[in-house]
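Single chain ahead, by itself, as structure tokens, in the form predicted on its own.
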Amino acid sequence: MFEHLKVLPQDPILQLMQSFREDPRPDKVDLGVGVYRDAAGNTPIMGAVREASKRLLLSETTKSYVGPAGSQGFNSGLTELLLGADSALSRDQRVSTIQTPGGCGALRMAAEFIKICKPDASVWVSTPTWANHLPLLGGAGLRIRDYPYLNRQSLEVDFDDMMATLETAQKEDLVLLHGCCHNPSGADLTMDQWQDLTALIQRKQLLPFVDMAYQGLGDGLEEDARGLRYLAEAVPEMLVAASCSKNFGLYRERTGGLMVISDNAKNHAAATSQLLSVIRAHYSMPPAHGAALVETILQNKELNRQWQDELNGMRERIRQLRLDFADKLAPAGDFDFIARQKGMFSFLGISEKQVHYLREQHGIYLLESSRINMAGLSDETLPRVAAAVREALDSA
């Protein structure tokens, strides 16, 4: 049965990770892998998470299944985090959040749910977008279309071209949007752009599908959700995939949720039952531990305050790295866009040849697209990386 199979090429990021591990140079720098790193280069366990783990260990009484919907406490907490404490959608019974195995699980279950709702649906995704969006959505059989998002010269949002392309979308097509901290570009929509885009979605009767993977790492928990909340209050139906990997540091716990917004309570009950049936047919029940940690933090004022303080520190560190990196690169050209962008990622806008130069000559690893993880820098490595980038630009 297996003899006809061929070895597939390795994922570019995984291949980069392997090359980095095999590089013997002690001063090598990893700017490719998309996880938060502290000043020491570690991906830390947040203090609030560590304390929640201790409390959970003492209070947990069972390892029984949590059910296909997951923990109701987690689901309610994530809904409030995304929509705010006073959302009319919750009061009108138009919204529910279902716990999933990470943001990836939320995206794939959304795709499977969409196939039930509209088998011939098209999903419009930004160019560029997170690479895993394509297999997660396309693997469910959805038709993928793309809309321009990033201007490759200015490395800013190409909003006019984006809107012009979405004008060609058909009724009930889906539009996949990054809620904040666009991955991989770091270029976010302004609030005015969110409003204009919402008007287009309403007029064209499109279904917005928001991936919220970095809430709190852009401008703040509330600020990062402004566009999503404006859109959610304006449209009859919407999907939101959310991840706790980054803002809670729960990468390996695979903790996320899928939010469904419907136009009325009756339709919402039907939609939720269909989604739970999809989940039951795939992985049946979500893992409990990561969601229990998030629930513990969100429901405890002391832990919630500690978590938000730590998250604020992570965001401020990334912001300062952006400012310092743009300043150090300034002699080589205009890199102010790095300081204006949000979250962990940015493109440097350099060529593949220059990316290879950085890797071969200086042990600095980033994707061939020139996307870098800003959190992979530190006060110690930033000046050296900036000098190497300037050298690579001069070598072109």
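Don't overthink the numbering: it's just position in the shown sequence, from 1. No experiment lies behind these values; they were computed from the predicted model shown.
This protein has a second form, the form predicted in complex with (2S)-2-hydroxybutanedioic acid, left out of what is shown; the following refers to that one.
Query - 4.5 Å heavy atom contact, residue 37 and (2S)-2-hydroxybutanedioic acid in the predicted complex - result: The answer is no: residue 37 has no heavy atom within 4.5 Å of (2S)-2-hydroxybutanedioic acid.
Report task. Answer yes if any heavy atom of residue 339 is within 4.5 Å of a heavy atom of (2S)-2-hydroxybutanedioic acid in the predicted complex; otherwise answer no. Result -> Residue 339: no, not in contact with (2S)-2-hydroxybutanedioic acid in the predicted complex.
**Report entry** (2S)-2-hydroxybutanedioic acid contact in the predicted complex: residue 362, any heavy atom under 4.5 Å
**Finding:** Outside the cut-off, so no.
Query raised in the report: Taking heavy atoms only, is residue 330 within 4.5 angstroms of (2S)-2-hydroxybutanedioic acid in the predicted complex?
Result: Residue-level check for residue 330: no, no contact with (2S)-2-hydroxybutanedioic acid.
Query - Listed residue that, although (2S)-2-hydroxybutanedioic acid is not shown, lies within 4.5 Å of it in the predicted complex (heavy atoms), from 108, 268, 246, 317 - result: It is 246.
Report task. Using heavy atoms only and a 4.5 Å cut-off, determine which of 75, 296, 126, 183 is in contact with (2S)-2-hydroxybutanedioic acid in the predicted complex. Result -> Only one listed residue qualifies here, and that residue is 183.
Query raised in the report: When (2S)-2-hydroxybutanedioic acid is placed as it is in the predicted complex, which of 45-53, 353-361, 26-34, 330-338 ends up with heavy atoms within 4.5 Å of it?
Result: Correct option: 26-34.
**Report entry** Those residues of 128-148 which, in the predicted complex, come within 4.5 Å of (2S)-2-hydroxybutanedioic acid by heavy atom
**Finding:** The stretch touches the partner through 130 alone.
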